[in-house]
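Here we start with a single chain on its own, the form predicted alone, put down as structure tokens.
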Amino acid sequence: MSRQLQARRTAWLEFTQLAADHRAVNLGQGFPDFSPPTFIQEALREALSGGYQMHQYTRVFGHPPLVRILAKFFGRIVGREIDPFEDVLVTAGAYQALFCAFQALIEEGDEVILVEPFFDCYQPMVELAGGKTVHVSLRPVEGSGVPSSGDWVLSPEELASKFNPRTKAIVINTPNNPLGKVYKTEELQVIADLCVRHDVLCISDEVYEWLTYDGNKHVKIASLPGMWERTVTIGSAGKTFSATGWKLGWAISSVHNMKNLKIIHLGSVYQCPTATQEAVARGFEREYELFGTPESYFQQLPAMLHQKREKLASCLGAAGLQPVMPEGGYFMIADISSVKVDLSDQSTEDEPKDFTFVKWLTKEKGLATMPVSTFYSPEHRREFSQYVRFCFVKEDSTLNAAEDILRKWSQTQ
């Protein structure tokens, strides 16, 4: 069916261009400014020189070596056998996996619960499928010590009130972007119980699943009782192997759900590049053998990012911002409420404070970030406009440059 889509402000385009125009140190965009690990680069080189098959079409729904190892790898984690050829779909990044899920499973008039903050593609994708979004926010509660993403929780009563006979799905993101929250098993169980009770699907965006800190563990909601059949789990090779430009992702679910996603995939992207799928398959085969050992990249990457997280938090605190320590992911948000900056020249009547602050920081200080209110629905945006997001999956030289900017700024306050 045809559907007229309204043009809307896209913060990513606006602030990416702003950073480029001012040649700012970029802690706004969520990608590494360092190379993927050597073993995955070598796997791609070998694939590209591996004969004509690597340059031609492969299986439409996923290169056989890749879907086999994804099924084997994640089957071990969720504690069940996953059929590689029925339960797995390889997509052009997690973005396309989300698109396929919404197009395949959401019908005209369905309601979809989005847990805020959420990546801003969720809402337009739901609306494109004919659905209506309903919003419930993670909110900070008074914690002890350093503010943490773990202090941000859902109200079980508020969440339950969002479910009704029109509810088709709930979308969660763990670890969360931009907050860094890693949902605990008991929090996921509350969501799972509501999904089972109301016969609702869960679309679980888990692209940062290997990036957890301070002993926090990522738990897949699909592993909870009654949730395999009603969960679509979204993953990303780009986030897994620090190669976001490869644009390779996947969706994993029961065959009942996957057959519909495959129809959408078949009619849009059709299939993904063969050589990159081969390389990612080899990467997962390596990680399967090394899983849980110090040699595993899934151990080494979060260990490296833990140090970068600590460095960024220290820089932000010294500049008078209040960082919220993330339990997982690429990002850290910081409260700018106490910052004394005259934003009158940059401000517009209808612009949230974080938008104005990010513009000022980029133009006047040469440091690019992202406003957190862009991760919220219009009705809740103002309530969370005192936060900005920083990305710490960057080279030390980039973080050092940001530190220098923040230090000089703090000396002028």
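Predicted, not measured: the structure shown is a model, and the values here were computed from it. All residue numbers are counted from 1 along the displayed sequence.
We do not show the form predicted together with a small molecule, though everything after this point is about it.
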Non-hydrogen atom within 4.5 Å of the small molecule in the model of the complex for each of L98, N173 and K247: yes
Tell me, out of A222, V324, V207, A251, which residue has a non-hydrogen atom within 4.5 angstroms of the small molecule in the model of the complex. V207
Among the candidate residues F241, Y213, W152, Y122, which is the single one with a non-hydrogen atom no more than 4.5 Å from the small molecule in the model of the complex? Y122
When the contact criterion is heavy atoms within 4.5 Å, does L188 count as touching the small molecule in the model of the complex? no
Using the partner position in the model of the complex, report whether G93 sits within 4.5 Å of the small molecule, counting heavy atoms only. yes
Partner proximity in the model of the complex: Q103 to the small molecule, non-hydrogen atom cutoff 4.5 Å: no
Whether S148 contacts the small molecule in the model of the complex should be assessed with a 4.5 Å heavy atom distance threshold; does it? no
Looking at 336-344, 69-77, 114-122, 134-142, which stretch has residues with any non-hydrogen atom within 4.5 Å of the small molecule in the model of the complex? 114-122
